[in-house]
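Next up, structure tokens for two forms of one chain, structure 1 and then structure 2.
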Structure 1
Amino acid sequence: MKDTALEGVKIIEYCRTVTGAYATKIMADLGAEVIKIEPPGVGDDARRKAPFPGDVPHPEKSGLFLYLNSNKMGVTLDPKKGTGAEIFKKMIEDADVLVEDGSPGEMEKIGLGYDELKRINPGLVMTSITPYGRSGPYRDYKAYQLNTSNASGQANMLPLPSPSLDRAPVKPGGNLTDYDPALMAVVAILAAVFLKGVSGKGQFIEISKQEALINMQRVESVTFANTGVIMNRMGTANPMPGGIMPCKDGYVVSVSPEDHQWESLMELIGDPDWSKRDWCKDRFARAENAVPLTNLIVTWMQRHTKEQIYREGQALSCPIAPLHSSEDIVKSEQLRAREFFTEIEHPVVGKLQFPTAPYRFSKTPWQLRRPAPLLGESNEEIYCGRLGYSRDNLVKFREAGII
């Protein structure tokens, strides 16, 4: 096995949402040891969520769970029970990072707030992820992904373009809204882990999903404050001919902000006569005529396949691309060539093609050290092997619903 970047970094995950699980997955994939804590008996919510192979639900076969928890160990524990909290504290003693995504005050209520945990382990980097942060008037408000995507300005600008402001804003597809704040959280956590390597000290990090998402839209978010402009999902702020266009077998998207890119796009579609007229002479003229120009481009696109458009367009250095479905992603030659997919072996699911990571490190490549944990898979290893409980203790903990 090759070296990993985060070798030796110990992380405890006590999370319920995709955000917390994905944040720790990123670090597990980079080589950190992540111990995921799941509720005894039922396990993580993601275990009950689709997709399942053959559409047959099974707690060890959820695609969402398998994806979010690769490279992690898993234990079951209920820290809300006294003995559970005691075991939790023992686990914290030599941890570098704790990531939790309970409501504000939830950890304090069970005696596991930062002040308490800091006493046990001053080097702990504790990260708390909440929808709106731990202070301010909305701190106790509830939010699911649809809500955070709207609370951040993200959904209000989607879909782009919308046919009319009478149609509702939509959230980004899949679980994108919960993935986003995970990226932001990892940046702060790893910066704090880096500092710990220098100073030995931990600290408390607060992540508000709403604010993480606002930061992902940081340019759009301040347009009103700075210029009084309110951008919306009609996409009229700076029209460029192109954008999302139907083609023979799907959709493509084209962007040509620079003159030479526009010229290659015109070359791609055969330098039509209309492209020699004044309405195409510079990007200002093109912006004014964006709608009719786009319609003319579309008539060409509709006669060609997305593959053809992609290859021929890119050969001319046109920033143009097909809209990939999951099938297209799996079949992408580029991703194949980059070994974006690997085959993993899971004890219950069997062999499975699996997406890897968006980076290639020259010395510490992505690797699968273990597939997602079975429910309570690491109980014995952690509780007996590391914390010194006996197997007899474990039986009693189980009876009491603690593990």
Structure 2
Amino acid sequence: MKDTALEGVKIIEYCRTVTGAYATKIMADLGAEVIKIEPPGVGDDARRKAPFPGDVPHPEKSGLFLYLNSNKMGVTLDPKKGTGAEIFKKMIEDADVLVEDGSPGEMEKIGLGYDELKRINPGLVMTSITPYGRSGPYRDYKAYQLNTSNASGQANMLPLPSPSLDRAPVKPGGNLTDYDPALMAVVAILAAVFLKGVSGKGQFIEISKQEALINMQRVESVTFANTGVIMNRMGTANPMPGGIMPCKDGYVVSVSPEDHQWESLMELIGDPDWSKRDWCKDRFARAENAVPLTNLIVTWMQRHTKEQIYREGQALSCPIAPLHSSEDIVKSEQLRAREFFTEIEHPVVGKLQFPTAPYRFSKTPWQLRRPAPLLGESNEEIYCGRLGYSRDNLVKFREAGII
């Protein structure tokens, strides 16, 4: 019996920052062996991204890098220098998957395109992640998350609801615009790995971040094509009372369009006299008076904590929930009961609280096998132990800037 779901699957990651690294992290967490290739000397750009402990930058202490690269091995290699491409090809010989995120044509220029690599390994599943895909007039455009979020139409839906439709669109917080395409990539890669297991044949997969984000919007992305209506963020011109509201120690969210939901919300705040007036008689009247009604609800909310509001509202079947901060999440009794956070020991950072996985496998449970690699940590193990190079070779490779 296998100890992990993807035991035996070998993956090479040649990517920068978030999208490719997160895709391979998911598969590493499922048990695949992932070897991450970083530029010699400087390493992945994610090493220079915050947060850092004590807000002091350090290439081995980036919280982003540590999260994205746990359960991976790490080597340094520049395939564009000297024998770097030949070393890369030797790594590919027994690999199942290669994930890369270079510009279209970049791998071909150094002799590492799919047509070349499949001659070495016909079963290789090679995945190329780019902002706009490998064809079309945008193929060579560079892009950051702000670009792809807007180019996909995703940002035009945010903020939702918006206090004013005159407010400019915004991208989702954090690195979500890079994480979502990674999820699409994982689904495609695992489907190709499954087919390889049946047929022995590999294939080439291209992932467009723009198209991945459009797919995440579901109905909104095709509304205009079918109806001529442009879907964008909803304003507060004619909403229902409620939404995101401040309370004594943070924020809560509550939307109560149905009469029974509204009645439970009113019971929660003590059935005030104003709730008996005509402006509350039905959902249409409440919608017409949404702003003043919301202000009255907020007045009550600000006198109570989000935990009190949530607990008492829950008991009344009121659709209301607290907006959790990162502190709330770490201290959550729900997540503590499920042991969602675990402790990891890193040789430079020390002990860290670390998120586990959002799934529970009964036969092949998630395992934290190793922390994110130090820069070049696995060079000797991979290049000498597996590929047959000598330590003298490694010294020469380092002097030439190849590793």
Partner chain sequence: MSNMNEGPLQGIRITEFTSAWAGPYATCLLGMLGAEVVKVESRRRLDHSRMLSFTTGVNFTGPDQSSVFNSLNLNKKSVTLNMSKPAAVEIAKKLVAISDVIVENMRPGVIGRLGISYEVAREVKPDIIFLSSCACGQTGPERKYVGYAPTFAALGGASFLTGYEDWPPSNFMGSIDLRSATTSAYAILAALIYRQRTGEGQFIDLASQETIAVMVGEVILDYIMNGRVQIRQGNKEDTMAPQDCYRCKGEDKWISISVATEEEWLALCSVIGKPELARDERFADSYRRFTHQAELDQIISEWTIRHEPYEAMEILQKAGVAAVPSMNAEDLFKDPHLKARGVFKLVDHPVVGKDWVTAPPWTLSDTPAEIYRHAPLLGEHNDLFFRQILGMSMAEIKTLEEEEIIF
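Note that the structure is a prediction, hence the values are computed from the model and not measured. The term rigid core refers to the most C-alpha atoms you can superpose between the two forms while keeping them within 1.5 Å. Residue numbering: sequential along structure 1, first residue numbered 1.
- As for origin, structure 1 is the form predicted together with the partner chain and structure 2 is not.
- Residue displacement note: residue 119 has its CA displaced by under 2 Å between the two structures (rigid core superposed).
- Once the rigid core is overlaid between the two structures, residue 144 does not reach a Cα shift of 2 Å, moving by less than that.
- For residue 99, a C-alpha deviation below 2 angstroms is recorded between the two structures after rigid-core alignment.
- Core-aligned Cα shift between the two structures at residue 314: this is 3.0 Å.
- CA movement of residue 278 between the two structures equals 8.1 Å, with the two forms superposed on the rigid core.
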